[in-house]
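A single chain, nothing else alongside it, follows as structure tokens in the form predicted on its own.
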Amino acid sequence: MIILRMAAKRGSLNGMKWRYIVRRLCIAVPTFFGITLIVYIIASFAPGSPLDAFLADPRITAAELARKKTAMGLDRPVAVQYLMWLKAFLGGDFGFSFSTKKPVLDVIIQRMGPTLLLAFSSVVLSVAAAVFLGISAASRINTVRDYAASGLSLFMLSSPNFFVGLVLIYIFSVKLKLLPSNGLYDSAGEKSFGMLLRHMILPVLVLSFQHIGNWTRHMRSSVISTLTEDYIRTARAKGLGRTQTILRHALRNSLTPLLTVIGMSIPEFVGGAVITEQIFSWPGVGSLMVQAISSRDYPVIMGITVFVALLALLSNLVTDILYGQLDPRVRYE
């Protein structure tokens, strides 16, 4: 009977989880299309036009310019342009880049690998550093260690990416000449994994800098709050040391609030990569977005918007599910 009740309870929880996922997906769909609509309107009403690139040619005529405008669909109202893009997107067609004349999907896929590599490495570094600094600060409250970790996290949180990037380039690339400052590989020589790692060090540090500061503060607060729980006092009463108590009992529950912050920050690594990739000439989606905005390349802008919006919605959904797995007190209904 007990086994049957446990199985029934587990089945009920699984059913609630799936209903919760379906409900979240139903909310995500209109949110996604709302994001694409807003971005398309903002891009369309921004100063400049995709036709500006043709105006640099002194031989182009007004008739040829009008023909290109019609061919690109820019002669229609913005609402009609968006509906045309939406119809093509729902059919699996991302269109062609106004600048390169290549399929948008191919252009984004080509740039997606370096951005995901940079973002994933930065997330791993940020989590590892934040957990270490947060635990170090929380385990010795109001001591030199706590003040040092808290001060460092505040400094990192308040430092802009572009400033940190320029400082690191000046120190490690210009003065010390230890690390490269641009690109995935050296311009000459064989491309190797070791070379890639050297080129990744500075961009990963810059992209992680503010997140380490922010997540350290969350981790410190979470550990301090967890250490006041009854089960922690029980573990201490059984003779466990402070470090063992934190690692064996407090760490998992302390990570639960941090997980929410991490999940909400995942899209920021792609968004933040816009600045970082520009500073280090990193051939990723961020630098592609800057180029697309500069040339008013609407299909590329919308393609990147789709990628970032789906990433944000998916990361939020996964975070909510993992939150429930880590904390049994969370209910899906």
Partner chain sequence: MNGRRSIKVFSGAFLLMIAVIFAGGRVTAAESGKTVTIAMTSAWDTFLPINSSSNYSRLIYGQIYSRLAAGRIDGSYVPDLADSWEVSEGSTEVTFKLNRNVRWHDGVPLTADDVVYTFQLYSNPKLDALSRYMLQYIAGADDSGAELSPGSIGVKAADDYTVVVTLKSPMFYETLLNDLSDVFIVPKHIYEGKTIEELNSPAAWEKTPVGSGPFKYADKIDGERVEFTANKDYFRGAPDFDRLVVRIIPGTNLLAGLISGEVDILAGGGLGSVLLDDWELAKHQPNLVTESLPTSNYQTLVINTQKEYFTEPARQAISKAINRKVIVESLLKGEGEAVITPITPLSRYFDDSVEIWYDPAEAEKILRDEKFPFDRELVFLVPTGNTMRERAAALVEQDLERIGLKVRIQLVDFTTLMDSMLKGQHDFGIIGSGNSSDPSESRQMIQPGNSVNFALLTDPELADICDEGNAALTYEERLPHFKKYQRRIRDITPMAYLYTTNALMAYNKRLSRVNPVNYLTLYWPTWEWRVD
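Residue numbers count along the first chain shown, from 1. No experiment lies behind these values; they were computed from the predicted model shown.
As for the form predicted together with its partner chain, it is not shown, yet the points below apply to it.
A.B. asks: Based on heavy atom distances of at most 4.5 Å to its partner chain in the model of the complex, which listed stretch, 290-298, 23-31, 260-268, 304-312, is the contact stretch?
C.D. replies: Comparing against its partner chain in the model of the complex, the contact stretch is 290-298.
A.B. asks: Tell me, out of 227, 127, 168, 184, which residue has a non-hydrogen atom within 4.5 angstroms of its partner chain in the model of the complex.
C.D. replies: The option sitting close enough to the partner is 184.
A.B. asks: Quick one: from 234, 99, 221, 159, grab the residue that has a heavy atom within 4.5 Å of its partner chain in the model of the complex.
C.D. replies: So the residue touching its partner chain in the model of the complex, by this definition, is 99.
A.B. asks: Wondering, does residue 109 line up within 4.5 Å of its partner chain in the model of the complex on heavy atoms?
C.D. replies: Although its partner chain is absent here, residue 109 would stay clear of it in the model of the complex, with no heavy atoms inside 4.5 Å.
A.B. asks: In the model of the complex, is there a heavy atom of its partner chain that lies within 4.5 Å of any heavy atom of residue 249, even though the partner is absent here?
C.D. replies: Heavy-atom contact with its partner chain at 4.5 Å: absent for residue 249.
A.B. asks: Given that the partner is absent here, does residue 191 sit within 4.5 Å of its partner chain in the model of the complex, heavy atoms only?
C.D. replies: Residue 191: contacts its partner chain in the model of the complex.
A.B. asks: Any of the heavy atoms of residue 195 lying within 4.5 Å of its partner chain in the model of the complex?
C.D. replies: Taking the distances in the model of the complex, the answer for residue 195 is yes, it comes within 4.5 Å of its partner chain.
A.B. asks: Looking in the model of the complex, is its partner chain within 4.5 Å of a heavy atom from each of 135, 148 and 150?
C.D. replies: Result no, not one residue of the spot touches its partner chain.
A.B. asks: Within 57-88, which residues come within 4.5 Å of its partner chain in the model of the complex, counting heavy atoms only?
C.D. replies: Counting only heavy atoms within 4.5 Å of its partner chain in the model of the complex, the contacting residues of 57-88 are 57, 58, 59, 60, 61, 63, 64, 65, 67, 68.
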